[in-house]
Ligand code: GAL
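We begin with a single chain expressed as structure tokens, specifically the form predicted alone.
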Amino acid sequence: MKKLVGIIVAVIAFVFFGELLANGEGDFFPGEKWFDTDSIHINAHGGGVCYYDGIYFWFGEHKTSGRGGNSAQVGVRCYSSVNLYDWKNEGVVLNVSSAEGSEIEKGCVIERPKVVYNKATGRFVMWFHLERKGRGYNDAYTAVAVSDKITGPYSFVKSVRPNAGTWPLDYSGVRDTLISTKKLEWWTPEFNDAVNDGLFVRRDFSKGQMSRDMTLFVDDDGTAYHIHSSEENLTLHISKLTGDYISFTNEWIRVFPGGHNEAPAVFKYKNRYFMITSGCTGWDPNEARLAVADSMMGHWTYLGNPCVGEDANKTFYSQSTYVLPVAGKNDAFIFMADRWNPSNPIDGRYVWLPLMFNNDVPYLKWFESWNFNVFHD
């Protein structure tokens, strides 16, 4: 009898969970290994998602094992899903080059790839942080690649330092490029004042501003923005892209000069713009930061740490990379973050959590597991 009962329970469970999966329902397990439909741990770090034609496409850095695994040995990989739980490996969509001296030569640094669709041109545009091979993090370039198909292959177009020869729209500092030879000690009041007044903006005016951790955001009117950590990672820049999304318009602003922010993730909720960032502590986790503005190129206000509960001061041992709107659900967003493993980068984990709201202000709390029932249509 016990055996019969066990069989009945197993059948009921199989049918129940089978229906959940068939309807796109299941559980996320933040920080646990996440396997694709080939039962291989998903390899799409520092990534973002492009929703196109009813399918989600997740792009991210292909990491390898060992301490050298944070350099680009393979390229950018893509996965596809119709329900956000089950991901099919679509392969490497941007390959590193074997040609010596190529900007994306094997061994360079490719980080935080983001892909958006341009309705006007019918092309898919990928931007990412690029450091050429052997240059460490000294280049601070951003690079763009394009494809006629969302799953690639993507063709490398160019790398740039953004906004060369232009001042930010909100800049009130001295408009000359003469920099004092006096060496300032970092984090002193004198240094902080100099950064606020555009020390690094002026230094990099001619060659273009630094661009490291970055993301993309496309507004409801189709305008695209490139958001990146600049000025030695001390200040965020928000730049408007051209209509084809492959160049900068030279319209840009500075956000939180001297605030030391990276890992930006931007989303729009009830006609307000929110941005989640992190501090700069290398591969180690730190406390997330939340900011809000009434327009992308407007004034941003700091709101504090969006995380609550245990380990909130470490962003649940993760770092932001993207905020994903869930299609077909009102005001439903998923916070995408990485739990880095610098000693074995391929084993980095993904922390996906639902964004919650209190008085229209987003916050994050930890879930050992969760599903779409946390959202209300």
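Note that residue numbering follows the sequence shown and begins at 1. A quick note: this is a predicted structure, and the numbers were derived from the prediction, not measured.
The discussion below concerns the form predicted in complex with this ligand, not included here.
Stretch-level contact analysis of 281 to 289, 74 to 82, 139 to 147, 252 to 260 against this ligand in the predicted complex, using heavy atoms and a 4.5 Å limit, identifies 281 to 289. Within this chain, D213 lines the site of this ligand in the predicted complex, having a heavy atom no more than 4.5 Å away. Shown alone here, Q319 lies within 4.5 Å of this ligand in the predicted complex, counting heavy atoms only.
Within this chain, R112 lines the site of this ligand in the predicted complex, having a heavy atom no more than 4.5 Å away.
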